[in-house]
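The chain below stands alone, shown as structure tokens; this is the form predicted on its own.
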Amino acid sequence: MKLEDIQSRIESNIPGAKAEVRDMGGGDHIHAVVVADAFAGKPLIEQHRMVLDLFKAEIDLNDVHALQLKTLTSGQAKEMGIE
């Protein structure tokens, strides 16, 4: 799966999301930093589930073997210097 497709799917399906997606090796180990105020008030596991559910088919088929996530609200991203 292309990095651009992963980024687009995240940004298209999570309101207000901005995603930075990188290949960590082999094209099937992906790291994504996702900033969205839709994460506000949700536990970390629920935030990650919001993203992982978008790729259930690819994960089940092993097209995406590993999807490492960092999810933040825009306020958290600003505090960390990520914008």
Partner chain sequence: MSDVVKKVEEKIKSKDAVIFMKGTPSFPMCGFSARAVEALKAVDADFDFVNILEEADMWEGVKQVTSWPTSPQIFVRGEFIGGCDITLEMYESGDLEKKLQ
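The shown structure was predicted, so the numbers you read here are calculated from the model rather than taken from an experiment. Positions refer to the first chain, counted from 1.
Keep in mind the form predicted in complex with its partner chain is missing from the figure; the text below concerns it.
In the predicted bound form, at least one heavy atom of residue 70 sits within 4.5 Å of its partner chain. Using a 4.5 angstroms threshold between heavy atoms, residue 40 stays clear of its partner chain in the predicted bound form. Proximity of residue 65 to its partner chain in the predicted bound form falls within the 4.5 Å heavy atom cutoff.
Heavy atoms of residue 23 never reach within 4.5 Å of its partner chain in the predicted bound form, leaving it off the interface.
Residues of 30-57 that come within 4.5 Å of its partner chain in the predicted bound form, judged by any heavy atom, are 44, 45, 48, 49, 52, 53, 56 in sequence order.
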